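Shown next are two forms of a single protein chain, provided one at a time as structure tokens under the names structure 1 and structure 2.
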Structure 1
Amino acid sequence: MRIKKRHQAGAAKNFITRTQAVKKLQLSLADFRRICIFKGIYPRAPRSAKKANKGSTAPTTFYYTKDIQYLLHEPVIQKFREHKIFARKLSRALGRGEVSDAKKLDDNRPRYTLDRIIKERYPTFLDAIRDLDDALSMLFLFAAMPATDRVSAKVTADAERLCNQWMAYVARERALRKVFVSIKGVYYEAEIKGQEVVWLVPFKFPQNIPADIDFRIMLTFLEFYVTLLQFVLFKLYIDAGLVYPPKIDSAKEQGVGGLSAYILESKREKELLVARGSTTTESSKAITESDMAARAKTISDAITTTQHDEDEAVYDDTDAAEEAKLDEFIAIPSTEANISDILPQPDEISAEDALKNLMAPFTIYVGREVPLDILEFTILSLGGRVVSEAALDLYAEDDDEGVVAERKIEIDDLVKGVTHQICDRPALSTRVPGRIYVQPQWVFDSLNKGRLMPVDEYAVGATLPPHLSPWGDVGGYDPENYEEDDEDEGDEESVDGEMDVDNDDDDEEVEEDVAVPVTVDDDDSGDEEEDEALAHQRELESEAKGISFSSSATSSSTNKKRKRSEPVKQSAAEKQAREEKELRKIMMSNKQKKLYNQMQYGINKKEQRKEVLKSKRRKIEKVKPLSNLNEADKKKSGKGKKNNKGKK
């Protein structure tokens, strides 16, 4: 029989320390971190760190041995080694003053791509979409950061470009489903190819970059996420029949920027333009990018127009309208032999289609004080049109007088069609007749509810309803079901009262009930004596001051005594269930008991949090009527003052 050597099997063989992995791969620690981030290899926690570390208890970082073995033949590692040789040669040439040789080396520097790694980590397109949450949040974070010595301007510009392309696609496809404005930023949820994608967009405030963050690791993640998002955007644009990358209006980009600067054009439209250009004369053969941009539809126009190109190519308008109608099913009458099922008639418009066209008939004017990027993206995703004050000012500026006159006519037409105006001011001095003035929260709540919310609750200067998270509370508390919870509690109290009355009336049921006396500890009796002494002291102090001391404190203490002394009545079934529960606990092992106690601790903590939130809600509900009365009194007093002034 062969003698087994120590540390040759089990955890010692399955795990490897970070120092051993770096030596095995012959890399520096920085390159090892980069390749692990690219390949998705992360540290692991073994069950017994002592066994995995071959008897040592020193704190170490462990990896799977198979993962490190998998990295041995990675082509990107070879590129890292080539780059190390290139850096050594370049520094030597610069040190010798050989500028021409250094320039040749710099032109031929080794470069690597992450395309193959992306395909390895995400075999299908849906896998890549599922992993977009962190990628989008990281890109939007760097897009909002200023350029510094640690983060170059090119990095922030590329991140901002990809973020705008993503938002342009989501707005055109009307894939936005939820919005939540929080302290950290704005949370969005979009449905892409049946998958829910959630990302966070920070507010555009001046960012204070902390000094204790290792930006090398964050830039490595960013490099991987940029490549991933480029793959995903290319596939999404191609599937939607759009040209990628989308064109940019340079004039708008220099001014307002954002989504309005991106021009989305379909592939079919581009092919038609090229075909027309090839059949015309030499003067009209060359189609410049400005002509293409002028003929192409902007984002807002492309979103508002309906897409019926394929239907019109096959059918006429009348045929398409007839086919759009749903068939009506008539149930066959039931007989003794056959019983027919009556199925519900399908709706003509689904909830998803209604959400996509929620603001289609509206043209919304956004004021200067409102963040344009957030509201423009949300309104365009709901099918509406956006007119901003800053964009109109830029639109009217031009050197040519004829162009200015034409644009003024277009601006007048746009302004005349405005139905809503979003403003975030306490009061307005002037109002345009025919417009509905609302606060920005009206747009977000309408999207989250899936229907247009009442405008009166979101009027200018009105107290807004609470902006709740559409994903609910982590602890399971739902503030919208507050009234239902109160009704359930009232029903339970009424049922308990009826049961008590029945138990008092019926002698037979009293015999079944078991009175379980509540024992009072010595500590509780000591606390009661202290409470009585304090109450007596307060009574003496009030008598010395000449104030009549109410006996409410003493009565409350006597009531507490009665409640403690009264036995708690339990039915025989409840007592039996409680005893069975205790027996099950006795049969548990120590490990199971610990796990059970942890579970009960978490459940009790959640329940306590719910009770705290419910008590806060009750306080708010009590304060609301008082505030409404105060506002009504103020209005009456203001009217009275005006009338007195008129009389004078």
Structure 2
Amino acid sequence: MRIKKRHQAGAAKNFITRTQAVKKLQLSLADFRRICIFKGIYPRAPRSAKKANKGSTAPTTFYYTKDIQYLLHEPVIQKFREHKIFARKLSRALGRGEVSDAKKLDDNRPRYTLDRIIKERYPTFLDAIRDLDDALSMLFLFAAMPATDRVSAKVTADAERLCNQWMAYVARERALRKVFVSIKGVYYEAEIKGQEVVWLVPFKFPQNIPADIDFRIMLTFLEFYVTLLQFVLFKLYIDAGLVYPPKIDSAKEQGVGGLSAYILESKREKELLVARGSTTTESSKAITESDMAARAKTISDAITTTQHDEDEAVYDDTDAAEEAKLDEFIAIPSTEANISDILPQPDEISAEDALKNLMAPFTIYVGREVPLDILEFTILSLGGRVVSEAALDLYAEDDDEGVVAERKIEIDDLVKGVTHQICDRPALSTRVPGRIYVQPQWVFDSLNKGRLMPVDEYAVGATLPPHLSPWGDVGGYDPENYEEDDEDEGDEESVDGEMDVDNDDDDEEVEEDVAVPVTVDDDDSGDEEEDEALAHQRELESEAKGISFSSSATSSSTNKKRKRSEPVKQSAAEKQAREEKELRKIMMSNKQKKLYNQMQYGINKKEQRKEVLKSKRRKIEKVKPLSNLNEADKKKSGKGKKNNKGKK
């Protein structure tokens, strides 16, 4: 047998340090970084860093050797090398003042494409969609960034274009599932081809760009993401039967801009238009249903026109769905012996469809103080139509007075159909009758809840209910249902005097059912003798069934007690259970004990956090009634004032 040498197999061979990798690839560190970003190659943490580093314990970055080996023949690396030479030539030409040579060189500079890499990294389309989160967040950030000396204008323009195309697609497909306005920005979640895509859009403020940020890294990522998104959008548009790239309404682009400037044409429609003849302009073609002026229409409802046929179809579907009432699947009441999963119940109308058409009947007027980009996108994806005050203002402006007058009429017609107005002001001086005035959060909460929220809570000037994350809380604390927990706990405290883990009532009831499967004691007035006899009988039966004496005994005894005072009994049983658990812990092995304690640590931490939140809430609740009263007083007085004003 050959003597095995050390560090010739296993981790030492599977992992390679970064320095070794860079040497092997003969690249500069910057180029290595770029190729790693493009190819999605990342360092690994080997199980034993010492083994991987051939006995040294110095802190090192390890890569998987095969990853690096695959890189050896990467064409893009070759392009990097060519580019290095090109840069040298160019600088020489420039240094010598050979302008024409430099220009020629620059025209023929080595260029690389990332298509193949994208296909390699995402063999299927779903893979690509799954990895869109970071790409979108990065693109939206760059779309919101100003062009600086470090970020070229082209880059930001590209990012903005792609972001708008993405939003136009999501809005048209009504794929938006969640919105969450956080202090960092707005989180959206869309469901694309069954995959959940979450991205974060910053608020439209100038971004604070720290000096110590290396934009080269960000731009390398961006380069990859731009390419990726181009391919993804292309595929999405094609799959949806749309034309890619979508047309851009240049007038609107220069006006309000954003989403509304993108005209999505389905392929079918385009063919029709071609058949009709190309005399009419694109924008006027897009509007078919009303006799309003074409341009005003385009301004008002951004992309609604292309959605109209579809809307009707969807309505039909829902009707059909309503007609065909679905049977309910009732799970057989489970006993302890045969616990079955709760069957998923089909909804009468699928929640998704309901969500897609949540605001379909509404035309919503968005005030100029409200960030249009967020609301336009959200409302459109809920099927509503948007009339933007800012856009109308821009439209109404004109030098020619006649035109202005004409347009005013148009706008008036347009505004007639408005059902809701989104308003973000402390108070409103004038209100148009027939309109419902709400704050923007109404739209978000309605979307997250999947139903229209009561409007009065979101009225102008009202204190808004808290905006909760559709993804919930970290530790399982539910701020809406804290009170129920609270009550339970209060009872327990009164009995036991110590803080306990709260237990759901439902569980307890189930247990009861299970524990006494044979005879259910209906007769409350039975005397004790009878009870004893019954208990004995139960014991015998349970023994025959193989249920341990203890469980049946406790259950029977607890049953008795429950009649008297349920909480007391419950806590006693609980206490006993806890004690038993403690006792069982004695018999655990050391390893298990450690693991168990680790788990308990996490659980306890969560519980603790919950407790802290609850106690805070309780405190707030104690103060609240007073403040509520005060607020109510204020409101009343405010109303009174308004009334007075109105009277005046």
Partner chain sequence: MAKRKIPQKGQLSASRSVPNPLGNTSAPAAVRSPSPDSTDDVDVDNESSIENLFDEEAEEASDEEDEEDQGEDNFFNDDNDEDDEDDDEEDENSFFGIVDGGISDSGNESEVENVADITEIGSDDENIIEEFDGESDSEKEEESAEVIKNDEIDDDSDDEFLSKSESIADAESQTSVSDNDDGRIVHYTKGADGKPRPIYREIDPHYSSDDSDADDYNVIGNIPLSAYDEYPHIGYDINGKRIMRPAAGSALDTLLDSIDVPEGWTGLVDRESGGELKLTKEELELVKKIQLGQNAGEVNPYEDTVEWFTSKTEVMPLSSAPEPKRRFVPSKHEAKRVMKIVRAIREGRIVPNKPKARPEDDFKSYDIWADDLPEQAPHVMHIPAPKQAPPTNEESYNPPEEYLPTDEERKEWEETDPMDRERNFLPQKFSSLRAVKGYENFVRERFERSLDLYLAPRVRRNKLNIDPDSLLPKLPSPQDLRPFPIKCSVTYTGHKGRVRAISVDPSGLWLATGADDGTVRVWEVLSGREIWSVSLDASEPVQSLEWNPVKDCGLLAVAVGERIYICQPPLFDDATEATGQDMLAAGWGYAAQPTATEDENKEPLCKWIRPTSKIANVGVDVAIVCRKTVKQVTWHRRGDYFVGVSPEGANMAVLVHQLSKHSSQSPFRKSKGIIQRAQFHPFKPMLYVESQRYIRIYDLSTQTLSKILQPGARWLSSFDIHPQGDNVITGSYDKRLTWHDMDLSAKPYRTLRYHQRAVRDVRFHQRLPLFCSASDDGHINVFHGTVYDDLLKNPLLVPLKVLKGHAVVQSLGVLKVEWHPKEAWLFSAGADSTAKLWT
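All values derive from a computational prediction rather than experimental measurement. Structure 1 provides the reference sequence; residues are numbered from 1 along it. Just so we're on the same page, rigid core means the largest C-alpha set that superposes within 1.5 Å between forms.
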Where is the form predicted alone shown, in structure 1 or in structure 2?
-> 1
Examine Leu27 after superposing the rigid core and state whether its CA is displaced by 2 Å or more between the two structures.
-> no
For Lys54, is the C-alpha shift between the two structures 2 Å or more after core superposition?
-> yes
Core-aligned, is the CA shift for Gln608 between the two structures 2 angstroms or more?
-> no
After lining up the core, report the Cα displacement of Lys593 between the two structures in Å, one decimal place.
-> 4.9
